[in-house]
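In structure tokens, one chain follows: the form predicted alone.
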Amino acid sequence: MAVLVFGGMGHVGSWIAHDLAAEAEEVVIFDLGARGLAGRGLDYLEPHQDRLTFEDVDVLDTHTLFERMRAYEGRIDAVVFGVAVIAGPTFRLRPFRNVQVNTIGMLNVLEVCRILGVPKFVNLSSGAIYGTAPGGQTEETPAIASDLYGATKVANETLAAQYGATYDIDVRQARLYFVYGPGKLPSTMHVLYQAMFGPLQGMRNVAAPAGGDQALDWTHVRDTAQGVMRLLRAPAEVARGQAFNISSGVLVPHREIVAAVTDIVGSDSGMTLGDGNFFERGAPLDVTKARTSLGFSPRFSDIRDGLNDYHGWLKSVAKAG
């Protein structure tokens, strides 16, 4: 039996694939350009590659998607859907394409799950469904999207829930939030991420136009993957049809992150954050439900521990300054 991880070459998806393979699960990674690990920098997957299969599939290519999923018919324990164009200032530059990838892509996968009788579907959603609601959002906080990315996540949760109810699929929703850590180079991310985490890679003199007055609950990627794994493994009576906030649950000012990174690298890298908010989001998410129902306990709730771990990974792959 196998777990299909859509977006399994991405930041969160690759760590979910890692954790599954480390538990001796057969993992099939569906991702655009997924042809193996060579040149991808995902060193943590290499010890488990004998349990990984790669399917180079675009979720908008419905014919290829169906054909490649059908190859595993009768062997699929669950699908984890994590394909997404992430939130950020560039999302609005290609709105139709980005909305298609996020929402129509998930709908395509859900439809194949319905046809093939896949029993369980875990949707990687986002705290963006709460829009700008003040921090402390619980799973009962109304979903009110405040941007196009958030709108795709609200739509996805609604569609996934209705597919589950209509076609007897065990649908579970993980509401993830701001993720950092091993598997993602700061240089490949948006300018705020670069200004906060970039010195761990040796970057210097990055100026983010805003974000200096903001505090968010940044979550280490290993904690994010742990939360998704616990949701995936939870008994149906606990998790079926349910949504769970998966984040650190700890509010950290952005300028505090800059200061902590400066301490870790031992020098000022010339990073600056402009005033105001970079993301219009409330934080932190309330993770009480995940703690009590899933046993979720973030290992890196202290941001400094997470930053040290991130720096260690960057040094191990020779990407640190």
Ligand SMILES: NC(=O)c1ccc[n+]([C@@H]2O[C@H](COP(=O)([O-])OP(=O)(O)OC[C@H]3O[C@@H](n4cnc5c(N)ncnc54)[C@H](O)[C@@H]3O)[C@@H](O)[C@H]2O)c1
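We number the residues from 1 along the sequence you see. Everything numeric here is computed off the predicted structure, so don't read it as measured data.
Below, we turn to the form predicted together with the ligand, even though it does not appear here.
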### Query
Though the ligand is not shown, can you say which of Val79, Ala160, Leu231, Leu176 has a heavy atom within 4.5 Å of it in the predicted bound form?
Leu176
#### Entry: Sole residue of Tyr149, Phe121, Phe244, Phe197 within 4.5 Å of the ligand in the predicted bound form, by heavy atom
Tyr149
### Query
Would Arg222 show up as a contact with the ligand in the predicted bound form if we use heavy atoms at 4.5 Å?
no
### Message
Is His311 near the ligand? Define near as a heavy atom within 4.5 Å, in the predicted bound form.
### Response
no
### Message
Considering non-hydrogen atoms and a 4.5 Å limit, does the ligand approach Val191 in the predicted bound form?
### Response
no
#### Entry: Interface membership of Leu32, the ligand in the predicted bound form, 4.5 Å heavy atom rule
yes
### Site test, Val12, Val59 and Val83 vs the ligand in the predicted bound form, non-hydrogen atom cutoff 4.5 Å
yes
## Note on the structure
TL;DR on 201 to 209, 177 to 185, 135 to 143, 161 to 169: the one with heavy atoms within 4.5 Å of the ligand in the predicted bound form is 177 to 185
### Summary
Those residues of 116 to 130 with a non-hydrogen atom no more than 4.5 Å from the ligand in the predicted bound form are Leu124, Ser125, Ser126
